[in-house]
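There is one chain below, alone, in structure tokens, taken in the form predicted on its own.
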Amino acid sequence: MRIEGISVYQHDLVVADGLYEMSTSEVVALDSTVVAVHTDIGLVGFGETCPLGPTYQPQHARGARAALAEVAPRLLGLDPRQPTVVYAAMDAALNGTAYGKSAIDVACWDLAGKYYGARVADLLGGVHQERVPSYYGIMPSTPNACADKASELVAAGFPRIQVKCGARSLEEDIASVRAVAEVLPPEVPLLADANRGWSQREAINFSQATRDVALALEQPCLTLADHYAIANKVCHPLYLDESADSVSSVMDAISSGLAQGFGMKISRVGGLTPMRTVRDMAAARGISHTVDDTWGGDILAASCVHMAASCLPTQHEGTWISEPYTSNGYPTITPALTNHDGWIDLPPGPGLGVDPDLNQWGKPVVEYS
């Protein structure tokens, strides 16, 4: 089986309720890029990348499509069943831009699964869980509103709760997190996620002020250097998210003892191939992590669920998908992925188990053949 063509599609995903807010940015719609990798035997594999707007991190949608323009012509004739070989060809064609390469990498795993009649999770090492736990991020609001939302989510079955922080005063963050903690059962983990929105001093002060609350601090500060500076001054475990942007950065954070957990994004590290390495490194040290992506539709969601299913349940902390936050998905032939009250079923069928209905998408924005 050889790659004989790559088609690139674009689709806008609109945020439900009009706004998704974080400490450093807010978005109302997301620009998603979907690739269809065509082979000489008629099989087609799909991948997707969808940065969380142009200011959340250095990634942006048009940058992903520019990266594809560099790497796609170099992949024609390669065997997609050999994802590490394909990845080496992408790295030889373009330095960096892992989030653009991620779409191709996922499509190759999808093709391998379709060729062998196996699910991607099976090819990643095996399935430990047929349905994976999810979690929900509560947007900044009043303490009472945050607590009410947390109670609603726990009653619905969500096994992990995250509170978005950093977009308001530190006193408001402390009050909201305390209010949520009071309504959570002991078995439901709580995370305060500042999305890089706190200074070192604010992160330390927050942790000291909530030292009696069982929680983890997720990416409180901007840089890795910030986190090294506060590591011995906070009272809670540190989880890295935006700073966990490569296999190397995760390796350093594990070996140095800086991070006690990770909020991992598949596209950020470059796809399923590098994420598989992250999974195994974390497992070797007994460190847990999520398996998420920055946004996207069913293709990205499916890649997250397959990777999550291949993780030990004790290692996997949850998988966030954008479906509860998106007012419009995109047309698919296969059933849409849905967050069923905090749990997501592994898609059946070979490959990712998700196929977009390209007949309803119109012409691709570009084709390489």
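This one's a predicted model, so the numbers in the text were calculated from it and none came from an experiment. When you see a residue number, it is the position in the sequence shown, counting from 1.
If you look for the form predicted in complex with a small molecule, you will not find it shown, but the lines that follow are about it.
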**Request:** Please determine, with the chain shown alone, which of 337 to 345, 31 to 39, 52 to 60, 66 to 74 has non-hydrogen atoms within 4.5 Å of the small molecule in the model of the complex.
**Result:** 52 to 60
**Prompt:** Does the small molecule get within 4.5 angstroms of any non-hydrogen atom of residue 320 in the model of the complex?
**Reply:** yes
**Asked** Closest heavy atom of residue 294 to the small molecule in the model of the complex, within 4.5 Å or not?
**Response** yes
**Asked** Is there a non-hydrogen atom of residue 354 within 4.5 angstroms of a non-hydrogen atom of the small molecule in the model of the complex?
**Response** no
**Asked** Is there a heavy atom of residue 87 lying 4.5 Å or less from a heavy atom of the small molecule in the model of the complex?
**Response** no
**Message:** Can you work out which of 279, 114, 101, 164 has a heavy atom no more than 4.5 Å from the small molecule in the model of the complex?
**Reply:** 164
